[in-house]
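The form predicted alone is given below as one chain in structure tokens.
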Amino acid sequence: MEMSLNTVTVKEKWGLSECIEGCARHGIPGISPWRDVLQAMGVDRAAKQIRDAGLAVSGLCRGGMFPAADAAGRAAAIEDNLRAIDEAHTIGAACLVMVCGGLPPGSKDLPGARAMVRDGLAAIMPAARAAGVTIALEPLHPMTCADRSVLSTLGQALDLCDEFGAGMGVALDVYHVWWDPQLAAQIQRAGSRIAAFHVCDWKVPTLDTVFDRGIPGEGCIDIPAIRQMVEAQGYGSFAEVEILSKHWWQQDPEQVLPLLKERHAAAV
């Protein structure tokens, strides 16, 4: 399984153009931009530079964030997701990763927020199918349920995939799913609907549950075991290294990328 660099891994030091150049220079064949750096560079310019560098785009991060306090906010989220679909299509992304969103400010209505996610997905799926962009639902660890994603398990994501059918899959990030006692069964259930595979590690102790991810091999996740489960379902695309870390953000990417390649070979 080849390596792809998620640009958030070096976000404090490099913009998207530098990430593209760095991947080409260090022999990393895939890249996955976040939308902020993509928009800062310009979508068309980025698409050309990615193509010229010979890189594959393993995904675009991120769509989603559907729940909102009022109808205007929900409509704005849908419009933003339609733009994200266009961006993913333009850069040739294998999928658009969905972080679906947490509770609206001040709300305690978890079923209501989940209904907003479902309604938002229903609104964008026709456009995604027309553009040929796979919508990859990424379940996030339950610790993020209030503020980032009311979609907490692979099972929940697959329930939505069952409902919506063609054009929808899952993005499996080991950081968010490694703890799930149903993981093996749900990966088998996912089958060919695995659209993305993200790797990093859970450090012990973890100093920040969002911004203290480890590089593969630095923590307690059995990444090779999860990789084997994913490959057994026919997934043969990239292992996308996505590390949100205040520590690693301060390091020189010219040193970080070779280390990631080394850890990818040894611990993924």
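Throughout, we count residues from 1 along the sequence that is shown. All values reported here derive from a predicted model rather than from experimental measurement.
FYI, the form predicted together with a further copy of the same chain isn't displayed, but the following is about it.
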| property | result |
| --- | --- |
| Contact assignment for a further copy of the same chain in the model of the complex, among Leu82, Met125, Cys145, Ala115, heavy atom within 4.5 Å | Cys145 |
| Listed residue (Ala40, Cys220, Ala69, Ala232) with a non-hydrogen atom within 4.5 angstroms of a further copy of the same chain in the model of the complex | Cys220 |
| Three-residue site Phe164, Gln188 and Arg227 fully in contact with a further copy of the same chain in the model of the complex at 4.5 Å by heavy atom | no |
| Region of this chain that lies against a further copy of the same chain in the model of the complex, out of 58-66, 233-241, 42-50, 199-207 [heavy atom, 4.5 Å] | 199-207 |
| Ile78 within 4.5 Å of a further copy of the same chain in the model of the complex, heavy atoms | no |
| Interface membership of Leu103, a further copy of the same chain in the model of the complex, 4.5 Å heavy atom rule | yes |
| Touches a further copy of the same chain in the model of the complex: Leu110 (any heavy atom, 4.5 Å) | yes |
| Contact test in the model of the complex: Asp180 vs a further copy of the same chain, heavy atoms, 4.5 Å | yes |
| Those residues of 1-39 which, in the model of the complex, come within 4.5 Å of a further copy of the same chain by heavy atom | none |
